[in-house]
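What follows is a single chain, given as structure tokens, in the form predicted on its own.
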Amino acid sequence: MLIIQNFAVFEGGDGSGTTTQIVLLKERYARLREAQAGPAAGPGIPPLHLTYEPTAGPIGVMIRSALRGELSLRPETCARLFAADRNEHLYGAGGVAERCARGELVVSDRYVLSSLVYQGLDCGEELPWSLNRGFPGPELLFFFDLDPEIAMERIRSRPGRDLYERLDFQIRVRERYRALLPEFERAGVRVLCIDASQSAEESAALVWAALEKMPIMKG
């Protein structure tokens, strides 16, 4: 598998806290940037670009509408839309590949593994694999592991749910993630599993400790 350097991905079941970790990373980076500009400035850190899938582009908007149940699509159609959205996310103007190549640290909330897990469960493994096998892997992949029952307790506080936010499905999601992670490790992706039952701040500290070890962070 080709690996995109300077690219990290957050993965996990619904309610595992990937979006919260993106927010905490953004806040930490803002503090570091502020310190860089002050009298106690330390070594420089690269620009940070935070992103997510499905994206905010037109294909991603369609996917999110389907996930909310507002648009009825076949699971196979959704799998193809996820792959199309990902292709634009990676290779479109200002996309992941371009930003990583020019020395930015890019962190995405979800990527290929989400499709292999979710769409793999929804429409079978063959189609998601065929659609996604050509995409490069990230340099670093974080898997936020959480008991689905705890995750569902967190999800219940949200104003709305998507089609995948069901306990029976999330149990299978966790199993599928655990089964696929070793394949990504064998392909050259550095994988870090984080216990997402701990506090968000404790998880964020582990995330930062791993990000700091990436070559881009060392100048």
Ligand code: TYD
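Position 1 is the first residue in the sequence shown; the rest follow in order. Computed from a predicted model, the values in this text were never measured in an experiment.
Below, we refer to the form predicted in complex with the ligand, which is not included among the displayed structures.
In the predicted complex, the ligand lies farther than 4.5 Å from every heavy atom of Y29. At a distance threshold of 4.5 angstroms between non-hydrogen atoms, R158 is in contact with the ligand in the predicted complex. The shortest heavy atom separation between R64 and the ligand in the predicted complex is within 4.5 Å. Using a 4.5 angstroms threshold between heavy atoms, P54 counts as touching the ligand in the predicted complex. Heavy atoms within 4.5 Å of the ligand in the predicted complex belong, among the stretches 189-197, 146-154, 162-170, 29-37, to residues of 162-170. Site residues D14, T19 and S115 are all in contact with the ligand in the predicted complex, judged by any heavy atom within 4.5 Å. Contacts to the ligand in the predicted complex (heavy atom within 4.5 Å) from stretch 69-101: F82, R86.
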